[in-house]
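The chain that follows stands alone, in the form predicted alone, written as C-alpha cells.
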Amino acid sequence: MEIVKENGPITGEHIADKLNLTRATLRPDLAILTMAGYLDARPRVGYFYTGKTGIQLLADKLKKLVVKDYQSMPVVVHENVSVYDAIVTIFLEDVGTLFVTDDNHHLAGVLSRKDLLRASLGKQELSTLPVNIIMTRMPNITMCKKEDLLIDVAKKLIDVQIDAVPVVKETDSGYEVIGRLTKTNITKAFVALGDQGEKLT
C-alpha cells in the first residue's frame, strides 16, 4: 500500500520489482487489497491508492447491504385469530412480532409482545377477543421492501422504537408480507461484516 501510495498509478509488475517478488506471488495480495477497497485497479494503467480509511470502507460496504439478503421468514396470523392463540403462536415461534393479514392475505396490522401483554393485563376473555381489536393498523405500520438498504431500515427501527418490520411486496389491492426484518437480522449482518473485515486484516 505504501508503494502504491507513493508511486501510483503503478503496475503489478513494478510493485513486484520493488519488493523483489514475482507478479504471481503478489497477485493474491493485490486482489485482497482491491476487493477490500484500499486500492483501485484500472486495466493498462495500474493500481491507485483510494485514500479510504478502514471506517470509510466499512461504511461503504454497509451502504450496499440490502434487506433481501438478511430478511427471515415472517410469522403471520389472521386478523380474526384470538389474542390467546396469538400469545401461543408468539411463544411457539419464538418471535417478538406477529404480522396480521386479512382474508386477501394482505397486511392488516402488526402485533408486538407489548400489545399482547397489555391485552392480557385487562379482564377481557383472551380466547374470544380477536387480535384486530388490539393490533397496530394500517397506515400506522412501519414496513420495508426487499430492495431497501439495511442501514435505512435500521434507522427506522431506532426512530420508531420497534423490534421488527414486515418486508412487503406491493400489489394492486394491498401489501403482501414476504418476510420480516428484525434487530437480530441486522445484528447478524453487522457481525458478518465485522468478520469479513477481520479476514482481510
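Start at 1 and count along the sequence shown; that's the residue number. Remember, it's a predicted structure, so these values are computed and weren't measured experimentally.
Unshown form predicted together with a small molecule; subsequent notes refer to it.
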{"query": "All of Val77, Val100 and Val131 with a heavy atom within 4.5 Å of the small molecule in the predicted complex", "finding": "no"}
{"query": "Ile162, Ala36, Leu65, Leu26 - the one with a heavy atom within 4.5 Å of the small molecule in the predicted complex", "finding": "Ile162"}
{"query": "Of Leu30, Ala41, Ala154, Ile141, the one that lies within 4.5 Å of the small molecule in the predicted complex (heavy atoms)", "finding": "Ile141"}
{"query": "Location of the small molecule contact in the predicted complex, chosen stretch of 164 to 172, 146 to 154, 65 to 73, 41 to 49 [non-hydrogen atom, 4.5 Å]", "finding": "164 to 172"}
{"query": "Contact test in the predicted complex: Gln56 vs the small molecule, heavy atoms, 4.5 Å", "finding": "no"}
{"query": "Distance check, Val83 to the small molecule in the predicted complex, heavy atom within 4.5 Å", "finding": "no"}
{"query": "The small molecule contact at Ala108 in the predicted complex, heavy atom, 4.5 Å", "finding": "no"}
{"query": "Heavy atom of Ser112 within 4.5 Å of the small molecule in the predicted complex", "finding": "yes"}
